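Given next, in structure tokens, is a single chain: the form predicted alone.
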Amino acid sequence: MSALRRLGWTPVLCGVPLVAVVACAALGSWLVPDATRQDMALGVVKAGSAGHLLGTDKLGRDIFQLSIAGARSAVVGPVCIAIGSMVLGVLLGTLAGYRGGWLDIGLSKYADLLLAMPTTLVALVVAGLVGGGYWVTVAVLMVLFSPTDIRLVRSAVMTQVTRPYIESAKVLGLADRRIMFRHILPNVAPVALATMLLNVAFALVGMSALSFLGLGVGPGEPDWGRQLSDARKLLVANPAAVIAPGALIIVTAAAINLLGDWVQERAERSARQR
């Protein structure tokens, strides 16, 4: 109880749904191997029917099984987007904050340009032009999400550069690369981690929106956004077909957001104590 009191309830309350979602993403193909099996003769069945906890859609697919199987595409892509944008943000933001000068100006303008663009619309246009599938959409969003990481890491690095331990490292003749990635980076890592968690939530919503519009996963593949799109006309026949994926998106994104805020608060508190 003492450890729980020190951590607070936020990581526990957020961790329960996130662990369940990650378990479904990792074990979905084993838990529900026939999630996409169609039964046209069965048609739409309401939630609570025998053998179908959340009912079925117009193709006779079980909504509960689809929701479990859809966790993989709904989670893997956003996590890859957040990690990729964090890597870009750490590399470019560290260079911009440490080097300064024309490199800082160029990278800052690059970040400002991307931030001015509507992320979902740009991803929709680019993925549509290149005939993109799931991973093309992930790559596009990875680039579009990186400016926030670049700016935050750059700002954090600039506050570290003026501190005495960096001046001492320069006097000792340490290489710039070692100073940046061995001395400065550990001090800005909590900021990058907190931003990565927030980006997972934003990417989850973004990927679900693109899947709803017909990009990302292919037709018939399990995905929460695709489920919402396919079940739009089932609000009367089987409301659970729409409510289940929508609730999963909201709960997962909210839990990740709250966990990201908690990590950021802890990082800021530790920084003040140091």
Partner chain sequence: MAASSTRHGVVHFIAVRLAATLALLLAVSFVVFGLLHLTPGDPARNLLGPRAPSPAALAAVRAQYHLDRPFLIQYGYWIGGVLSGDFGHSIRSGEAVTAALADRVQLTVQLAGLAFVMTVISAVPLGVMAARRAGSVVDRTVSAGAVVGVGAPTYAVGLLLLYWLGQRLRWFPVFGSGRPGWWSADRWWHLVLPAMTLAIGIGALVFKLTRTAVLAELHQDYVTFARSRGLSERAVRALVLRNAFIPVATSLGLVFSFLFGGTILAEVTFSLKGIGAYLASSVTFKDIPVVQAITLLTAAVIALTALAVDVVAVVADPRVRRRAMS
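Residue numbers count along the first chain shown, from 1. On a predicted model such as this, the values are computed, not experimentally measured, just so you know.
The same protein also exists as the form predicted in complex with the partner chain; that form is not shown, yet it is the one meant from here on.
Relative to the partner chain in the model of the complex, residues Ala209, Phe212 and Ile243 are all within 4.5 Å by at least one heavy atom. With the partner chain omitted here, the record of contacts in the model of the complex names 111-119 of 186-194, 161-169, 80-88, 111-119, defined by a heavy atom within 4.5 Å.
Using a 4.5 Å cutoff between non-hydrogen atoms, Leu129 counts as a contact of the partner chain in the model of the complex. Among residues of the shown chain, Val125 is one whose heavy atoms approach the partner chain to within 4.5 Å in the model of the complex. Interface membership of Tyr98, defined by any non-hydrogen atom within 4.5 Å of the partner chain in the model of the complex, is ruled out. At the 4.5 Å threshold, heavy atoms of Ala254 reach the partner chain in the model of the complex. Only one of Ala26, Leu59, Leu53, Leu235 comes within 4.5 Å of the partner chain in the model of the complex through a heavy atom, and that residue is Leu235.
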